[in-house]
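Given next, in structure tokens, is a single chain: the form predicted alone.
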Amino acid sequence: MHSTLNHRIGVIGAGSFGLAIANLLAEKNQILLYTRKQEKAAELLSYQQNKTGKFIHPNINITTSVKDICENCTVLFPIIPSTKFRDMVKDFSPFLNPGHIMIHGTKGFDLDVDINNYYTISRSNIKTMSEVIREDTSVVRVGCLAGPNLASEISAGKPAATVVASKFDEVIDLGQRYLRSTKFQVYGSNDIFGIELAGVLKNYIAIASGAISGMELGENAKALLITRGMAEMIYVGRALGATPEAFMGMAGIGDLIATCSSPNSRNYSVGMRLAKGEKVSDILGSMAEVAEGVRTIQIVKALSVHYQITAPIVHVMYRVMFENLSLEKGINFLMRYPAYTDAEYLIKPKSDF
């Protein structure tokens, strides 16, 4: 196993998080960074050579060849938006084999039906990114990254942590050894499905948190939202087959706190801009990178209807973003929503005996 550390590792995707992970990995390894567009590759190479713009570690080589990265790298970290993930996997599939390991860092759902027809969306229509990899490739050893991983802070060398989740201990071990440093802690989990769900579901809570901050409603209101948001995430996760424990660690509450508190979070910034009166279409059209939470709101709204889940936050945010409900009315509705028991999702059901 130790010889594996000298092999080149591949990162698929050169967005802010992809670059942050590539630079982390490059501290101890030779990295091949894949980007689809030639002009993007030329831009990254210019940054690296001229040492201006974004930091690109000297141990990183850049390629636009799918064949090149698959033939030269046994371990691949795909980090691209969820809407482009399946197409990427299909492009890579002919060059992948069971010897490859893929550890993705994408926090979103794959959807095989029209997102606007929410009566058709259920668990059978959505896939996590690890499920997409297993479905469309011969890769067996699959993992994911999830946690409070704001790319700008990681790139600045600030302390952070993540979870590498996989059903394979070998994948967790490799992820930890490749990524761990004095400023980046890496935890492990075998509950890949629960960890992926935690990373996805916190996105829409972060949009709501940004809206509360933009409306200047205070830290008490934000704490209330985060706490009830955690409950809502657990309810949705449980309906999809996850256990509450998956949401209690770094990938759940840790990521939730970070993305609900930082203007560096894309989803949080969407909420902030909504509170200032901007339209969803204008916000999304002006963003350089995808805010996964907008699409997550649509999908989770549909899931909550299908499974009859108690999910007032997602219903309010859906109406605000797609049905012209004012934020003020939405917040008033949430404050009036009946509440009885705190942390009720942790209470074990009474025995029948």
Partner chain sequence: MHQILKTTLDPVHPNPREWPIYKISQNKEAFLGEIKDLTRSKILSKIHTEKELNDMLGKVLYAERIRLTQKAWKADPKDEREFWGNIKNELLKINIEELPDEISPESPNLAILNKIMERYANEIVGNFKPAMYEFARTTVAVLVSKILNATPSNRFKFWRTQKTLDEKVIITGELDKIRKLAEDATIVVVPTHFSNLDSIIMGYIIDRIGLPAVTYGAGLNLFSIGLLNYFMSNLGAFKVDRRKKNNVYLELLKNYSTVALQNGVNGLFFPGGTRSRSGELEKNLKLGLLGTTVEAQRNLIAQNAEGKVKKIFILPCIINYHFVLEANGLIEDYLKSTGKDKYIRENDEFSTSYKMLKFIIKFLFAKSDMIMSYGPLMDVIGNTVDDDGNSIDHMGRKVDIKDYFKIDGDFKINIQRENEYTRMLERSIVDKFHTHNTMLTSNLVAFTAFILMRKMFEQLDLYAFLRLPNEDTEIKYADFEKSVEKIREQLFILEKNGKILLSEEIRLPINELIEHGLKNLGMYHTEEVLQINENGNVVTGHKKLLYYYHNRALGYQLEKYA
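Since the model is a prediction, treat every value here as computed from it, not as a measurement. Positions refer to the first chain, counted from 1.
Form predicted in complex with its partner chain: not shown, discussed below.
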Notebook entry, point to check: Just one of V142, M250, V75, A246 has a heavy atom within 4.5 angstroms of its partner chain in the model of the complex, so which one?
Noted result: V75
Notebook entry, point to check: With its partner chain left out of view, which of E153, D110, D191, D136 would have a heavy atom within 4.5 Å of it in the model of the complex?
Noted result: D136
Notebook entry, point to check: So which stretch, 198-206, 270-278, 87-95, 221-229, is the one near its partner chain in the model of the complex (non-hydrogen atoms, 4.5 Å)?
Noted result: 87-95
Check: Should D282 be classed as touching its partner chain in the model of the complex when contacts are defined as heavy atoms within 4.5 Å?
Finding: no
Check: With a 4.5 Å heavy atom cut-off, would you call L174 a contact of its partner chain in the model of the complex?
Finding: yes
Notebook entry, point to check: Should I101 be counted as a contact of its partner chain in the model of the complex, where contact means heavy atoms within 4.5 Å?
Noted result: yes
Check: Just to confirm, K167 within 4.5 Å of its partner chain in the model of the complex by heavy atoms?
Finding: yes
